Structure formats: structure tokens, C-alpha cells
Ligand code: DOR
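Quick heads-up: it's one chain on its own, the form predicted alone, in C-alpha cells.
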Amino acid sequence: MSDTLFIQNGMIYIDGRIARKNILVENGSIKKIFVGKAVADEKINASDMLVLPGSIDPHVHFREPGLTHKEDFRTGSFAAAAGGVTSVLDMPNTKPPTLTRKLLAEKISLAASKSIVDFGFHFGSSADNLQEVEKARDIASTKIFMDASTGNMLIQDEDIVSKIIGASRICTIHAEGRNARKAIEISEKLKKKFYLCHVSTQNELEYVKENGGKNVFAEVTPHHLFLIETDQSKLIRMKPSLKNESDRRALWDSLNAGLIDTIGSDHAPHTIEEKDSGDVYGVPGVETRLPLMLDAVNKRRLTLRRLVETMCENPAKIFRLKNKGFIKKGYDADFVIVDMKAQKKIRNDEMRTKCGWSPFDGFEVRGWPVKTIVRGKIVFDDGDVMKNKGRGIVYG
């Protein structure tokens, strides 16, 4: 017997425009987008609501294995669902880091047993795991740390960086300042595309612009868009660090101009006690990423088209996520239903992330996800997180 869902009366984002249509879902896929009635096992009245493709967060740290006192696939996926995120790509700097295919398989098994949203993984790289990189399959990318971050995965030898880039379909690279330029130069020489994580300065944007979009995809984070160095504290401390107001304005300008390709949360949870020690970097963000950007749309700082491109479509295209990122017939029935009029205050005591806090505590926003649907199953419903079995992403 088929499992069907009917979403009716919503304002659907399709092909860059809003259309008042209905969506029929069957067995987890979009069967039909139309005007009319349908018989279904479950119905959702999305009247006066905006129906967007499920948001894809290409940059999360769910901390499992080894660091699950901060987060795990269960709590991280709860936070994702509450934030309108239907798919996540998890980073490799766990404990131990994901540097072998065996460790990747173990991580996939952990996620499959706990996550309520769909999931994929970036594979780790080191000075001596090139053979593992060459043989890794069913991954979003290979991650290279050219600057220090959480975990001991820093690679400073440019020859090793070149070999890893050459051996990979695509790399995600943590490269700040001049290292961003080095990464671009290496990729240009090898004619390889790569994904530059969390761009934070005007200079880095200039390096991307000089490349002309040939080999580099650029990511920005909400904390670099909404916070500056004067907001920094032991709690709000990350790598790359917060920058000045002119850098922040340059990020917004580049986002609107299309130079920036994606908005990733870089969800990096730590406990309050760890942050107070001053020895750790990173902030949680998977749950607040979409509300903050919806508020920006309401304030005309960003168009809805750019929001959908950077948070849904482009992550799916860049990392070749099959049947994700768009509301199209035959695609996975991943949606976030949004109330653009809802006004809410971000509050620490409402966060689903295990660490229990947000750098945006107290921020008032207008625009909020009210339902999150993964392959036709409701996983978040107006404040309640629902049971679901997330699935590993299929790469095209």
C-alpha cells in the first residue's frame, strides 16, 4: 500500500518563483505538483505558508564518535529538523577523525541508527592517508585543514595538499587569508574545483573574485554575517575569528551579488564549561541558520531566490546530492514549511542541540520554520520533534 502525503493551499517555491499549488507525495518522492484535489493518507493545510525545498546544511560537526558530550547524531538531527534542515553533511574532525574507510563505515552506521534527517559525510585527510582518500566512495568531499581548527588534522605541506586535491573529486578546504589564495592557486594548476569553507574577510573574497568562479565555491556562515569582532567573547569564539564591520558588509554584498555559493552553519557545539575555559573554538548554528536568513529576507537584506539558491539548490549541485535541493517531480519530498509572519526570539532554553545554547540568544527574528518534512515524513511540527529514520544521501 502506498504511503501518501498531500500538501495543499501553500505558496510553493518552484523554479525561482512562488506558485499557489498543491504537492502530492508518494513513497517519499514528489509525484505531482498541481492545482486540484487528491486522496492521501495524510494532509497538510499550508494556507498562508511558504513551502521551500528542505534546507541542506553542507557544514556541520555532530561530534560523533568520541565527543558526544557536546552533540551526537540524535540531538544534532533534532536541532537540524527544528531549523528546517532536511539533510546535513558532517565533517571528519571527530575522535578519532574519519581518516579511513573503516571509520567512515562506522560513522555511517551510527548516523543511520540515530539521525532523523538525511546525512552524508566529508572524508578526512592527513599527511599519510592518501591511499584511503583515493579509495573513499560515497562521500561529499575530502576535507583539508590548511589552518588549525578543532582536532589535529592540520596539513601545512603544499605538496601533500596538491596530492590530496588531485586524488579527490572535490575538496572542502579550511584555508584562511593567504592560505585561501594558495588553495586557489593549487586548484587552478590541477584544474580541480574545491569548496572554500567559511569565508570571513574581504581579501578572501577578492581571491575568489580573481578566480572568476572557475575552480572555487565559496561558503559563508551566519555568525560571520551577523556578528563582528566586538561581539567576540570566550563563548562566541570561533575559527575563523569574527572580523570587522567592513568585512561583514563585504560578505553581505558578495552574497547578494552571487559570488558566495552557499550558507553553511559550521555547527560546532561545545559545552558552556568548555567555552568558559577559553580552549575551544566554534558555536552551534544548525538550528538558527534558516530563521536568521528568513529574517534577512523579511528585512530585504537578501532575496528569497538567493536564500533558496545558497541553502538548498547549490549545496545539492556542488556535492551532487541525488534528488535533493529542489521541488521537482521525482525528487525526494524534502520540504520546510515557513511562516514568514511569525515573530520569535531565539532562546537558549529552546535549543535542541545538546550543548544547549546559541550565540544568537536574544535575537528577535521574523520568519520561522513550522514544519520540516524528510522524504514525505514530518520530522518537526510546530515545536515538536518527531520520530523518523534518516537515510544516507545518495550521490549522483
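Sequential numbering from 1, following the sequence displayed. As the structure is a computational prediction, the values presented were derived from the model and not from experiment.
In what follows, reference is made to the form predicted together with the named molecule, a form of this protein that is not presented.
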Query raised in the report: Of these, 114 to 122, 276 to 284, 305 to 313, 74 to 82, which stretch puts a heavy atom within 4.5 angstroms of the named molecule in the predicted complex?
Result: 276 to 284
**Report entry** Listed residue that, although the named molecule is not shown, lies within 4.5 Å of it in the predicted complex (heavy atoms), from Ile173, Met293, Ala218, Ala268
**Finding:** Ala268
Query raised in the report: Which of these residues, Ser254, Thr150, Asn323, Asn129, gets a heavy atom within 4.5 Å of the named molecule in the predicted complex?
Result: Thr150
Requested in this report: Answer for Lys317 alone: is it within 4.5 Å of the named molecule in the predicted complex, judged on heavy atom distances?
Outcome: no
Query raised in the report: With the cut-off set at 4.5 Å between non-hydrogen atoms, does Tyr195 touch the named molecule in the predicted complex?
Result: no
Query raised in the report: Even though the named molecule is not shown here, does Ser168 get within 4.5 Å of it in the predicted complex, heavy atoms only?
Result: no
**Report entry** Touches the named molecule in the predicted complex: Lys239 (any heavy atom, 4.5 Å)
**Finding:** yes
Query raised in the report: Candidate spot Arg289, Gln343 and Trp368, all three in 4.5 Å heavy atom range of the named molecule in the predicted complex?
Result: no
Query raised in the report: Judged by heavy atom distances of 4.5 Å or less, which residues of 55 to 85 approach the named molecule in the predicted complex?
Result: His61, Arg63
